[in-house]
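The chain below stands alone and is given as structure tokens, in the form predicted alone.
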């Protein structure tokens, strides 16, 4: 999981509208006034994103994401294509084309709702992510002031009295361009110790899946949602979260 913070206790668990000119209704007996409009300006306004369009795309996206568990354990090619098309529609109406110049918009806590990273076959079996261990929410906490980020993966182990734990991966990031950052792995921890014992034999495998190191292109950012694409072609869709997580 590519993306972007220090193991601290954060306060959580990684559109513009155009207003077309409207003709004013003249009162009875009055001469109706008309406003001259520059055709080039009108064309630009008509092609600008509207909040209604963006809201509808998001609604369609959330519907498409129903029942696929963030895509982590695989989904059909048809479903992937449907989601890909909706994401491209959002990206084409990105209200923040230069996100690294507006990093305050990505600061804070985010929850993963979709990713093309998948854990399937032998990987899923080795990690016990079929019946023994349940993968819970995945969060990303970005601290712009420190140029740090942490990815938090929640786990529930059914065989150990419903043990709850998490993997936290700390990384730093540097700005490469107006829309791209380079992420550098710093450290990782698993808590509690019992969960580390469960993953110890396959810890490197676990890190290879969720290690965010590399570059990340921020292709869509607004107040509610963020889309990123990494150097491996993976896609990450996150929504802003108010949930809390213990780091």
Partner chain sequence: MASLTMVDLVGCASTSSNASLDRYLWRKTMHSSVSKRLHGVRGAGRLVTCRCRLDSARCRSISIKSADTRPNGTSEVMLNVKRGQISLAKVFEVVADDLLILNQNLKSIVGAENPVLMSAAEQIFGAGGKRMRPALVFLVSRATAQMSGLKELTTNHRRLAEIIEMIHTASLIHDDVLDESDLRRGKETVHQLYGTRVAVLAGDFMFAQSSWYLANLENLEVIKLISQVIKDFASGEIKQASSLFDCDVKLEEYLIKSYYKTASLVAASSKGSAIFSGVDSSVSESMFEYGKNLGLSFQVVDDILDFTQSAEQLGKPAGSDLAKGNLTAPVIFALEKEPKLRDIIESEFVEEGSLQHAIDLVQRCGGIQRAQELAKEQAVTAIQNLQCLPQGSFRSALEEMVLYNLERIE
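Residue numbers count along the first chain shown, from 1. All values reported here derive from a predicted model rather than from experimental measurement.
There is another form of the same protein, the form predicted together with the partner chain; it is not shown, and what comes next is about it.
- Checked against the partner chain in the predicted bound form, the residues 116, 147, 75, 102 give one hit for a heavy atom within 4.5 Å, which is 75.
- Of the heavy atoms in residue 154, none are within 4.5 Å of the partner chain in the predicted bound form.
- In the predicted bound form, residue 111 stays away from the partner chain, with no heavy atom inside 4.5 Å.
- Although the partner is absent here, residue 162 is not a contact residue: none of its heavy atoms lies within 4.5 angstroms of the partner chain in the predicted bound form.
- In the predicted bound form, the partner chain sits beyond 4.5 Å of every heavy atom of residue 97.
- With the partner chain omitted here, the record of contacts in the predicted bound form names 118 to 126 of 83 to 91, 137 to 145, 172 to 180, 118 to 126, defined by a heavy atom within 4.5 Å.
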